[in-house]
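Taking the form predicted on its own, here's one chain by itself in structure tokens.
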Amino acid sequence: MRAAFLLILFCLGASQIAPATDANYKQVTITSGTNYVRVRLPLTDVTGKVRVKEITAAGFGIPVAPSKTALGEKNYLEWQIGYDTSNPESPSAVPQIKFTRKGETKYGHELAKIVFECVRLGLLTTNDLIHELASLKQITAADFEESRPVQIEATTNAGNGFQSSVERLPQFTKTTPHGSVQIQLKQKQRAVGYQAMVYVCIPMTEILSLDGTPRQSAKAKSKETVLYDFNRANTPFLLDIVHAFGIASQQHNEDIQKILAGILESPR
């Protein structure tokens, strides 16, 4: 009887621990070394913010099953990067960088922490941020990707009374030697209309294993996590990501300006 009771307690404890383990695996974390800022990303969380894609012959990215594909030169990680959170306790938050949006307090997160740490380490200079801040202020409403029209074109008769049509969504992309950054329009989930989303696309050739060495071409293991480093060589790519938010929408532009100003004002 006592053994059965202890077994029940063990099972209850395990059921409480498992979700936390899953949450830790899916969590994007950011740490710093002496000359780099390291991002840990989940490789097999196919329903989350990081997905594995393959570049087709036409240059498009299509999702692949990472556990069934030998990930190599044709593959990349598509990371839906964020820059703010309502939770200052998040591992990827910068509590000292905060601003208000529509009456709600927001804290710097992910991109904000990467930039903050890069400035602290001297990988980015305050002049880099001042220059970018000035550039963001010069962007006009017509320049925002969110302002570009969505086009729907009727094409041919699909038969049985159905007509096929094509929806054309504007997309901005900038490609660099270290990866690319994309701004895509997506339908709002809880409102009417479209919103601009920023994705960082990192080639698998730039991805590291947890020991810091280049990840070899292989299928992903269950709950595998990988690393990507921002260092002095690819800080221009980091500034491209910042600028992408600046041209994505008016709201993103205003938020990023507040974050950059907060980093400039914050002691390091």
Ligand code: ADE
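Predicted, not measured: the structure shown is a model, and the values here were computed from it. All residue numbers are counted from 1 along the displayed sequence.
Separately, the form predicted together with this ligand exists; it is not shown, and the next lines address it.
Only one of Ser90, Thr173, Gln96, Gln80 lies close to this ligand in the predicted complex, with a heavy atom inside 4.5 Å, and it is Gln80.
None of Ile130, Met197, Ile139, Leu169 but one reaches within 4.5 angstroms of this ligand in the predicted complex through a heavy atom, and that residue is Met197. For the marked spot (Asp84, Phe245 and His252), a heavy atom within 4.5 Å of this ligand in the predicted complex is present in each of the three residues. Looking at 50-58, 197-205, 27-35, 222-230, the stretch with residues near this ligand in the predicted complex, meaning non-hydrogen atoms within 4.5 angstroms, turns out to be 197-205.
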